[in-house]
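Here's a solo chain for you in structure tokens, the form predicted alone.
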Amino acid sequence: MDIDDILAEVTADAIPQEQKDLQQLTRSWVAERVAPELLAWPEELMERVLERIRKQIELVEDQTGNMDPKTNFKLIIIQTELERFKFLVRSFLRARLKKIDQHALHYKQQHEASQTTSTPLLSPNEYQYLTAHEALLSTHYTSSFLSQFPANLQRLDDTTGGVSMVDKPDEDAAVFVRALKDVGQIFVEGTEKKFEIRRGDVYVVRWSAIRRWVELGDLELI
């Protein structure tokens, strides 16, 4: 561990939890908007953020109408901070819902596979939305044209013949990443290209090549 790492740890300990959550939420928001795939649901972070938003809304409602100038000024600051958190949460959820709408069957399979891990892909509300969205689409497709097909051709998740009917996001889409730690050599699958990523480096590279390090927190999407 070098002096920069020690200073970073000391600085991190001095930052209030609310500020840490805001930084983490901002990074999650940027990453979700940039990543071609849906990222794991940040359960602990969102629980803290949503609870803080709820308490701040209650505080604003309780203090509204107080004629004390000091209280009114404090409420303006709280409301400004509240709107910043609400904007990030709304935009973050919209980015996730857009991906769910585009590849519902794929993410349903991914979420069910992630249920055995400590980091499920979707929140309970997102999974409920996904299943309702999938049911509506299935009903619409069946009434529109699938009912006219033979029974063995009506499945939307058919994999007969080694060809999957489930549409997936583009895993080879290019993304910009910044190294938070020394990662070492990265190999780009399907090519002979390899390069070394060191702390502070910024690269544009295939998502499939760096997905694992983004999930580990060694790289961040920008």
Partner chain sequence: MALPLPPGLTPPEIAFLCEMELVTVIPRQRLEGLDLLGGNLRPLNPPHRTPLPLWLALLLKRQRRANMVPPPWLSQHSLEAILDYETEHDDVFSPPPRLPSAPSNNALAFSPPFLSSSTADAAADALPYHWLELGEMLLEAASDDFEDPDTMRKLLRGLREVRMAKLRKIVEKLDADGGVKMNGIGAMEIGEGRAFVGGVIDGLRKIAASREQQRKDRDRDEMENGFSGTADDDEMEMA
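Residue numbers count along the first chain shown, from 1. Treat the numbers as computed from the prediction; the structure is a model and nothing was measured.
Another form exists, predicted in complex with the partner chain; not displayed. Remarks below refer to it.
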Review point. Looking at the partner chain in the predicted bound form, do all three of 24, 27 and 176 come within 4.5 Å of it through at least one heavy atom?
Key: yes
Check your understanding: 119-127, 105-113, 76-84, 143-151: which one contacts the partner chain in the predicted bound form at 4.5 Å, heavy atom to heavy atom?
Key -> 76-84
Practice item. State yes or no: in the predicted bound form, is some non-hydrogen atom of residue 206 no more than 4.5 angstroms from a non-hydrogen atom of the partner chain? Key: yes
Point to revise | residue 157 within 4.5 Å of the partner chain in the predicted bound form, heavy atoms | key: no
Check your understanding: Looking in the predicted bound form, any heavy atom of residue 40 within 4.5 Å of the partner chain?
Key -> no
Review point. Residue 170 near the partner chain in the predicted bound form, any heavy atom under 4.5 Å?
Key: yes
Review point. Considering 46, 183, 166, 188, which brings a non-hydrogen atom within 4.5 Å of the partner chain in the predicted bound form?
Key: 188
Practice item. May I ask you to list the residues of 182-202 that have any heavy atom within 4.5 angstroms of the partner chain in the predicted bound form, in sequence order? Key: 188, 189, 190, 191, 192, 193, 195, 199, 200, 201, 202
